[in-house]
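Read the single chain below, which is given as structure tokens and is the form predicted on its own.
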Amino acid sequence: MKILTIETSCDETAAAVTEGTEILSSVKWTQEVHAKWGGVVPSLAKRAHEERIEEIIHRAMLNVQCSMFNIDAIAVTVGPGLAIALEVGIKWAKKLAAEWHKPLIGVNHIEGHILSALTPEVVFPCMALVISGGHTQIIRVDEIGKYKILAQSLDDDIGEALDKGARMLGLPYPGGPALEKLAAAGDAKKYKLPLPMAGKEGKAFSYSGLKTAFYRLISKTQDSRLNADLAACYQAMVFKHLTRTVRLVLTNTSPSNPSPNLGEGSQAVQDLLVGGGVAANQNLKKQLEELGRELGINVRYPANLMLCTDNAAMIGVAAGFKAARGEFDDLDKIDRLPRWRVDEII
């Protein structure tokens, strides 16, 4: 089934043409208008999507010399994400579906990230780690379409924490990639920062306290702007907290009971799927792969780094699995679901 997919959940305007798990065409445009504000401004995101979406859809179709006559279904991200940004993509998907009498498929953005790292070798049940500016979650994947969130952020998500830390150092937005580059030249042991503790069992993510501690450290440090040592220390602690929580969930242990308990969602899984924009960080990738070797778990990433960040191709692949199960949506009822949990049945 050939599917045209639209993704406008945040600040990437994207469209793709997929067939099953094969990506025939993928086009996206990253909005640069938010840089001066140091973060995504919803109203500006909506306007930028509206200005570019028709062109992006046209380019995605043109890349494979495809017309709407060749398309079997239309798919679109309906959540989670920024409500007024999601609205732009949904309106276009509904318009095309109505004009060309095509079935419509609403897709969960997080499911797209999960399946972006899927390969035929993956054994279910497996685990997924979704790490981006708006999401930090560990999810048990019992099968495609059946998920359970085991850990998530209590406050700031990891991408947001990296962006805010970068801003404190005078780095441009988006800060994550800039922080990674600066940190590569720094000494991660130069300064001390606290390791966040979160949740009753320690199986949650929390970055607000670390962010505050980093701000105080910067305030006491001379020449803090563009300081590579500060960048390295902050990034190292952000990732240490992440990998520590991943370890606890994968081994089903708690800080007070460090002995592995091979129960539900534990070491019994063989694969960890990693998706989201922060997954493109090479330092973190090495740490997760080292953790995987230690625990005997295959850590799997998207074949192309482009599929880590928001894109329509991953949404198209998820839509393909939904289409195979006969899961289509009513044109009149499909709407924005800005807080849609991947383990919530709609």
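All residue numbers refer to positions in the sequence shown, first residue = 1. Bear in mind the structure is a predicted one, so any value in this text is a computation, not a measurement.
Although not depicted, the form predicted together with a small molecule is the subject of the following passage.
**Student:** Can you pick out, from Glu87, Asp271, Asp156, Glu180, the residue that has a heavy atom within 4.5 Å of the small molecule in the predicted complex?
**Tutor:** Looking at the other structure, the residue within range turns out to be Glu180.
**Student:** Just to be sure I understand the contacts: of Gly106, Gly165, Pro196, Gly276, which is the one whose heavy atoms reach within 4.5 angstroms of the small molecule in the predicted complex?
**Tutor:** Looking at the other structure, the residue within range turns out to be Gly276.
**Student:** Counting only non-hydrogen atoms, which stretch in 116-124, 133-141, 184-192, 224-232 is within 4.5 Å of the small molecule in the predicted complex?
**Tutor:** Of the options, only 133-141 has residues within 4.5 Å of the partner.
**Student:** Using a 4.5 angstroms cut-off on non-hydrogen atoms, would Gly112 count as touching the small molecule in the predicted complex?
**Tutor:** Gly112: no, not in contact with the small molecule in the predicted complex.
**Student:** Does at least one non-hydrogen atom of Gly79 fall within 4.5 angstroms of the small molecule in the predicted complex?
**Tutor:** Gly79: no contact with the small molecule in the predicted complex.
**Student:** Does at least one non-hydrogen atom of Cys308 fall within 4.5 angstroms of the small molecule in the predicted complex?
**Tutor:** Contact check for Cys308: yes, within 4.5 Å of the small molecule in the predicted complex.
**Student:** Answer for Ser26 alone: is it within 4.5 Å of the small molecule in the predicted complex, judged on heavy atom distances?
**Tutor:** No, no contact at 4.5 Å.
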